Each structure stands twice: as structure tokens, then as C-alpha cells.
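We begin with a single chain expressed as C-alpha cells, specifically the form predicted on its own.
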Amino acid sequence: MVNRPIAVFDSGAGGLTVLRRAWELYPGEHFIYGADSQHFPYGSRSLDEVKALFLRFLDFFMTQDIKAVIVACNTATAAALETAQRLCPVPVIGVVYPGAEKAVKTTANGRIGVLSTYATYKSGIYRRAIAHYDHRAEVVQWPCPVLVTMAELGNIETYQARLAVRECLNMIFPQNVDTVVLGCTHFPHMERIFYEEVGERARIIDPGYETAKHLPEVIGPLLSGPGGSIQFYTSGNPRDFNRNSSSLWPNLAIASKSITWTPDGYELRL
């Protein structure tokens, strides 16, 4: 198990926030990152469609001798986590429940705000996850699809991004939330703006970070020394993915391979 990679999946570059946290904590591990960029964004798709798209990537991951899968996409977690856990012989970990647990432990007044994609919002998965840890907690949700597209394109430090973040927060703060869950892995790309706009009004929860910290509990001790690696695959245009992802993670050289689906499985190209 030591040298086998951990797969990380997202509809695009949002899951890089989860991968980055895991890489910071466990730089001796090997990771495979799969981005279904061809079908981005997932938030406007049906959960059945998202499930089918994710399970296709799961089949690919299973050919790579992985030891675990992180579904670093809240919408895909809502759509396919339980199915993937039944089908997959290795642990499959979603980002929702670790974030929900941290939110319940953090809130003082029991009022938790959740910002997400529309599909995650509609699925009700955060209400169920938070109720799992505390049925008395009240959940205030709001979908923020514009932030997903902005983050995917690297628009994370602009005045327009700040206004969009402010507008989303203004939809939940009138209801006295004291904890804000970034319920889409694209949102932590705008972490600085979120912290500045939230200020002292609430605590911010990054489910991706909580998921990364949770990994050893699921798959055992992970390597914190050097020596790890990351491989990137995208169903979209590799040059576009490399450019946008490098702007979001400037200190990492990102050279993805293209993955396309065929009747017999898949094909990889540089």
C-alpha cells in the first residue's frame, strides 16, 4: 500500500484545493488527479448524469493500482459517493462529511451557512450530513455557481470576484450564521477574499482540508517526508487545464495528459 497512489477527482480545477492540502500534509505520497474538464461545470447537471461521468473516471482510477479515491467535488460526492463505495475495493472518501463534522464542532450558536453549487444545494447532502452529527443544528444554504466558473478560469483575485463573494455571503449572514462552509472545492481558491469579507462575523470551514486531515484515519499512516509525485489527467484540453491550474497553483509544474473515452475503455495522450 505504501507506494500505491491516491486518486483525487474533480470536474475541473476545484479539487486542486484538496490535492494541495493533501500534498502539503503528505509530500511523500503519490497522487493521481483526474479532472473531467470536458463536462465542467457539474453544478448545473443532474445528479444521475454526474454519477455516470464520475463512475467512468473511477473505472480509469482502478486501472492505476490506487489505494484510495478522494471525491474532491461536492456535487460528485452527493451524486455518487455511496455507489462508488459499494463498487470500489479501496476506500472512497467524499469531502462533505468531514466538512460537516468540523462545522458542527465549530459553531457556537448552531447556525451553519453552506455555500455550494446548485446541484449540491438541491441534493440536500449538507443538511443530512450536518444532521448526522447534530440534528439540532440549523443549516442556511445558498448556491453560488458564478464563483465556480470564476475560480475555474483563475479569476480569484479581482474586484468582480470580491463582489460575487460578498453577494453570496450577504444571502446567508442575515440569518445569523456563525460558521460558513465552503461547500464547493473551487471556493477555497478565493480563500483570501472569503476571509477578508467574512472577517470576525463567522468561522470558515474548508471541507477539502478536513478531508485531507481525515485520510490517515481511513487508509492508515501516510508519508510526510519528500519523495512523492503527482500525475494529472483531464478529459478537456490539456493546455487549457495546465494554464488555468498553474495560475491557481503557481509553485507546481502541471503537465496533464488527455484522457478520452473509447468503446473499449480509454486512451491517453500528451
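A residue's number is simply how far along the shown sequence it sits, counting from 1. These numbers were taken from a predicted model, which means no experiment stands behind them.
The same protein also exists as the form predicted together with D-glutamic acid (DGL); that form is not shown, yet it is the one meant from here on.
Put simply, of Phe40, Tyr26, Phe60, Phe232 only one has a heavy atom within 4.5 Å of D-glutamic acid (DGL) in the predicted complex, and it is Phe40. With a 4.5 Å cutoff on heavy atoms, Val181 does not count as touching D-glutamic acid (DGL) in the predicted complex; it lies far away. For the chain shown alone, Ile112 is not a contact residue for D-glutamic acid (DGL) in the predicted complex, no non-hydrogen atom being within 4.5 angstroms.
Residue contact check for Val148: one or more of its heavy atoms lie within 4.5 Å of D-glutamic acid (DGL) in the predicted complex. Stretch 116 to 124 is the answer when you ask which of 116 to 124, 154 to 162, 131 to 139, 167 to 175 has residues with heavy atoms within 4.5 Å of D-glutamic acid (DGL) in the predicted complex. Shown here without D-glutamic acid (DGL), the chain has Cys73, Asn74, Thr75 in 68 to 93 lying with a heavy atom within 4.5 Å of that partner in the predicted complex.
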